[in-house]
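Next comes just one chain, in structure tokens: the form predicted alone.
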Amino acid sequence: MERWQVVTVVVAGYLLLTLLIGLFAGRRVSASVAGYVAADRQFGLLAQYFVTGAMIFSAFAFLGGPGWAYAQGAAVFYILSYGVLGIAPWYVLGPKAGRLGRRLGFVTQAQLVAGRFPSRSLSLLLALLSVAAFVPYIMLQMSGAGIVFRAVTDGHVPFWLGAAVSYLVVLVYVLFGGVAAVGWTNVFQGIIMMSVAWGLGLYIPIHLYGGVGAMFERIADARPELLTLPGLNAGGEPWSWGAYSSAILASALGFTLWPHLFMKSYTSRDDDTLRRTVILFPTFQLFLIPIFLVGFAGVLYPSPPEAPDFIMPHMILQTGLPALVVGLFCAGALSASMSTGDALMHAAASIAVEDGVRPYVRLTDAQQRLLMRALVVVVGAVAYYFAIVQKQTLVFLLLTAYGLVDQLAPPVYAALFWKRATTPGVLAGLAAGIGADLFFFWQRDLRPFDLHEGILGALANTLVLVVVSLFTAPQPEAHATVYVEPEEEAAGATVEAVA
């Protein structure tokens, strides 16, 4: 049996096991919308730890991260920086959102925001914004799966087929298992990701250079620009400090505002579980270090990859590892891709129904679940199409998505921490923020100080939200208190329904 065939058999076994875990997990929750979207709010620390880590670190980390280390050098360290900064607010945000979800029945981020700022238009706008941000992120995951299959099978499994097969498995267990399937497959996939990353990340520098220190000494002599902050941009020119620092800030700002991550606060058993997850999260993030080492190991390797995002599988195949190990690497890379893609597809469908359809159309519980499943298929198909035709790097796709997600920060923080915020202020702020983000995305040369478009959009968003709120009538004190004040102070306060 040829090497690519052995690799394919190993990967097929991984995909089958993942499918079985997902289907089994889905049978352990109720058949209600709360069961499909929030797993009956029963996730403990183990599930939350791996759901958070595996869901965040995707094909972007496993393939895009080494690609940036290889081509952009020190620029890749922005990923480590924003992860540490971005998770910190979740220590406060997560428990507060989870508490409100348990009290008021929320299962999505937009339900919380539109609950504080009653407006069907706001609910629909948040749904559209969330799904729009999800599409490039899902594209990223599918691209990662296609890259891995194509590389490790020597092209026998083409890009389009590899992406299709892996996401067909995701589609099946998300359709039938909901967020419970997402959670428990993430536990399995997270363990594989971490094991493969540390094993290969330490082996390759030792095998090629005799050690990590020796590798960096040789890179410092031959390519010192790659080890000088802030590194290089996608065009191979020195990355400006404005672009580097604002990429960190844009990513950190949106880190815990991703709707699919925010929704996991509603799956948690209690507040302490969420806080412990935040404290433990940096231990998961450490797996990025060996991943980056593989990218740096390729800098001085004589044969270049087809593209920077291919450096990880390229180095695996060039170092003479047994077919079984190559298959396990493929499983690890697919774990990174699928453990995020499943959460995104599930969240996109759930948000579209809960926040985009249900405020306008009265649906039964069974109809909601059916429509969510149909939209899982639709969102997956749209993302798959664009994944096949797009040519951008994985890191670029994620940074693009963060620009839109950053616009969720002002309304969420206003809902939870500022009583004077009003519905017109939030709507006007969102319109200004989205407009500014899109303008500076298309007119990149006009960005002041080379700042990320997401930061510029968030600044416009916040300014307009504050000004319009101060010039419009405040909300009733009792209503705002439910969201802003601690639970014990808000006991007995009333909540308005979405108008």
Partner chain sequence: MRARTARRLAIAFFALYALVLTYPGVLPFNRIRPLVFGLPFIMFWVALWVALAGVTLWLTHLAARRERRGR
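Residue numbers count along the first chain shown, from 1. Everything quoted here is computed from the prediction, not taken from an experiment.
The following text describes the form predicted together with its partner chain, which does not appear among the structures shown.
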Choose from 86-94, 360-368, 189-197, 409-417 the stretch whose residues reach within 4.5 Å of its partner chain in the predicted complex, heavy atoms counted. 86-94
Sort through T319, T422, N233, S81 and report the residue having a heavy atom within 4.5 Å of its partner chain in the predicted complex. S81
Partner-contacting position among L227, V378, L168, A307 - heavy atom within 4.5 Å of its partner chain in the predicted complex: L227
Does R120 reach its partner chain in the predicted complex if we count a contact as any heavy atom within 4.5 Å? no
S245: heavy atom within 4.5 Å of its partner chain in the predicted complex? yes
Can you tell me if Y209 lies within 4.5 angstroms of its partner chain in the predicted complex, counting non-hydrogen atoms only? no
Applying a 4.5 Å heavy atom distance criterion, does Q285 contact its partner chain in the predicted complex? yes
Sequence order please: the residues of 266-295 with a heavy atom within 4.5 Å of its partner chain in the predicted complex. D272, R275, R276, V278, I279, P282, Q285, L286, I289, F292, L293
